[in-house]
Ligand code: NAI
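Only one chain is included here, represented as structure tokens and corresponding to the form predicted alone.
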């Protein structure tokens, strides 16, 4: 499986393209506009330059990695892909529309993977005529650094598809972990209630943001506290995932904290907007 296509050049998409190219694969990176492609390539280039500055790679190695990423805004040109990894926004309708289109464009044996962090692989697969070849490949942010890939089987995903994606993940230097298709999978089903509970503790005046983060860092050995992590992920993303958990399970324990809802309404989305639980 050599011909990898990544759809979406945002934080996750450019990280996946970077990682694939750095492990020797030729990658096509697809975006809807040239300026978004330029921004994605500039991010990859900057991240690689850090490696050069730290003496972890040479300038020629950096250039070789960049040369393996082929940017395009022409979706029709990806018909020969062996695997397409989708990394667009976390929205069911957008993903099902894209997968129906990918199903029409790509050759029948092509695997269609989604980097979704919480949306049902089974629902996404139902938009195609090849549900056995649809799978979740949930990379962690930042992709070049984090080793985990949650490999999520939809109800129809075949063993052969799973095996090929597990092998590909290993060849990309990642550690694949098999998960079945339930809301939030494992990572976000466990992480988001913890973040939500930390927000409730702040909302109820149990402690300051620094104290809540400090307890989890020092007491639980977490590299960053849950409020700092929420700002890093994006509060809008945290809210969207909690909504998926709440509606998917129909269980009030996943109800988002009113403070989180209010902050998202205010546009305080965390690091990317300059303000969340902390200012940046």
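Here the structure is a predicted model, which is why all the values come from computation and not from measurement. Residue numbers count along the first chain shown, from 1.
One more form of this protein, predicted together with the ligand, exists but is not displayed; see below.
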Notebook entry, point to check: Does every residue of 18, 47 and 49 put a non-hydrogen atom within 4.5 angstroms of the ligand in the predicted complex?
Noted result: no
Margin query: I'd like to know if residue 161 sits close to the ligand in the predicted complex, meaning any non-hydrogen atom pair within 4.5 angstroms.
Written below: no
Notebook entry, point to check: Taking 4.5 angstroms as the cut-off for heavy atoms, does residue 7 touch the ligand in the predicted complex?
Noted result: yes
Checklist line | Contact of residue 31 with the ligand in the predicted complex (heavy atom, 4.5 Å) | finding: yes
Margin query: Using a 4.5 angstroms cut-off on non-hydrogen atoms, would residue 90 count as touching the ligand in the predicted complex?
Written below: yes
Next item on the list: Select, from the options 82-90, 103-111, 194-202, 166-174, the stretch whose residues sit within 4.5 angstroms of the ligand in the predicted complex by heavy atom distance.
Entry: 82-90
Next item on the list: Let me know the one among 216, 57, 229, 36 whose heavy atoms come within 4.5 Å of the ligand in the predicted complex, would you?
Entry: 36
Checklist line | the ligand in the predicted complex - contacting residues of 130-149, heavy atom within 4.5 Å | finding: 138, 139, 141
